[in-house]
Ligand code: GLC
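One chain comes next, on its own, written as structure tokens: the form predicted on its own.
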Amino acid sequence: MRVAVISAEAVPYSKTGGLGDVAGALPKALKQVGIDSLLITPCYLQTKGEYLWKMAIDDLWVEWRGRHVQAKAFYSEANGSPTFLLDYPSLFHRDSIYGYTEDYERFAFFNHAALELLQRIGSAPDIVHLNDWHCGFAAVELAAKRRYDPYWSRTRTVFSIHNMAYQGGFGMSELAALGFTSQFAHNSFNFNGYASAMKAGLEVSDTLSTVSKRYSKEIQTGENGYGLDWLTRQRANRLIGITNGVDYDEWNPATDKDIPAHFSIDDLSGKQDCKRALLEHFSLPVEMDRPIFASVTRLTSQKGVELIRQGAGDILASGAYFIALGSGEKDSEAFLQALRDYAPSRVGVYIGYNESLAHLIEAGADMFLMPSKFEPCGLNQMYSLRYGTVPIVRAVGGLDDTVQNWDAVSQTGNGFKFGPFRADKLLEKIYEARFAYADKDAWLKIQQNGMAVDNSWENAARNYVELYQWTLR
């Protein structure tokens, strides 16, 4: 089976969120289970030159806006899988990856060029795996091409929704300039008088997937469907949820190069060394019996930052430490700085993103907070489980799928989760976790329950292979 994964971002080449993690890891995982996979992603200004192994094609001619333009494609296997990085500087060499009024045009071109590239490099893939609204354009183009182009006649499409909130909207009047002139294309994109690339991908792709089972149900509701719940309900028999995996080559406390001591489910002693190093990193008093509550997140309303703001005082009043790494909304950044100033011996804050520090926080913290308003999948809770750091989450999306409430009687569960989006409900679980933390045997059991869970990409990849086989049938 030949599978081409197309994504607007993919680690290590580019990343703004979970999409980058998934698109970077999935082709490698597919290759490891015997699938002939490749990745196509843009070459951005932010893509490090060390990842551009060689120029593969310097004359990729693409018909665009009534003329032929010349794009290029670099080749790399820096993510462990054959990867082509499409280079067209006027559209992709920008100060940031997203955030431009013509983003719809940038990714329409990327999709069109990606399909041209596939035709250039060999026989047609069996599956083209498209990711989020950025790839809705390719879904429509492929659906049309299959009707008249023998090259694409046997190719099928899988469209993955990573975040329904972002839908790639633009004016219907722009469709013709992007090369979509048919009534089929018009109908596919049309969403209440505007064009929506997300809606197009959902409507015309052969099968649909989301990044967790719970989220596949949530996007069929008015609350989380963002106006397209009618369409996800209509296509529910073609929609499946597959929880993302974790790249255990990168996130493994037994081998992690970014932490000062290694540990495993059988010997957690190294975690104490990591906790000490974490406290020292933030110049906090090294009082090992005090628990560390941690957060590594984008500071946005989606991530439930307002609940952490409301509960931070109670966390400190309980005698615990609070450590946060993140950036985003300015008022949330200012709050964290003010909290640090208020309690400098209990709070550590890093504004921005630091990959190695994120690893140290996962290894050294005792509890990890993820009270998200919505969370299609989430990765940090799975990192936390692997590192014996007990997650406290809201029961939404992938958080609900991957975290099970601790039950002291049956000794089952790997974390704590709550339902209503309220600070008092979060605090209830924080107090429960504090109580369990005081019982060393119980706490060790919770940690080991979490570390025993297999959230590897190999498992996720096998589920995707089943989805591809089902799609081809």
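In this text, residue numbers run from 1 along the sequence as written. All figures in this text were calculated on a predicted structure; none of them were measured in a lab.
The form predicted in complex with the ligand is left out here; the points below concern that form.
- prompt: Do all of 162, 303 and 375 end up near the ligand in the model of the complex, with near meaning a heavy atom within 4.5 Å?
  reply: Yes, each of 162, 303 and 375 comes within 4.5 Å of the ligand in the model of the complex.
message: Using a 4.5 angstroms cut-off on non-hydrogen atoms, would residue 262 count as touching the ligand in the model of the complex?
response: Output for residue 262 is no: heavy atoms all beyond 4.5 Å of the ligand.
- prompt: With the partner left out of view, is residue 332 within 4.5 angstroms of the ligand in the model of the complex by any non-hydrogen atom?
  reply: It does not: once the ligand is placed as it appears in the model of the complex, residue 332 has no heavy atom within 4.5 Å of it.
message: Just checking whether residue 146 would be counted as a contact of the ligand in the model of the complex - the rule being heavy atoms within 4.5 angstroms.
response: Output for residue 146 is no: heavy atoms all beyond 4.5 Å of the ligand.
query: Taking heavy atoms and a 4.5 Å cut-off, does residue 244 contact the ligand in the model of the complex?
result: Output for residue 244 is yes: heavy atoms within 4.5 Å of the ligand.
Contacting member of 298, 238, 186, 94, with respect to the ligand in the model of the complex [4.5 Å, heavy atom]: Checked against the cut-off, the match is 298.
task: Identify, from the list 294, 108, 200, 211, the residue with a heavy atom within 4.5 Å of the ligand in the model of the complex.
output: The residue in contact is 211.
message: So if I measure heavy atom distances to the ligand in the model of the complex, which of the stretches 80-88, 146-154, 116-124, 376-384 falls within 4.5 Å?
response: It is the stretch 376-384.
message: Using a 4.5 Å heavy atom cutoff, which residues in 10-48 contact the ligand in the model of the complex? It's fine if the answer is none.
response: The stretch touches the partner through 18, 19, 22.
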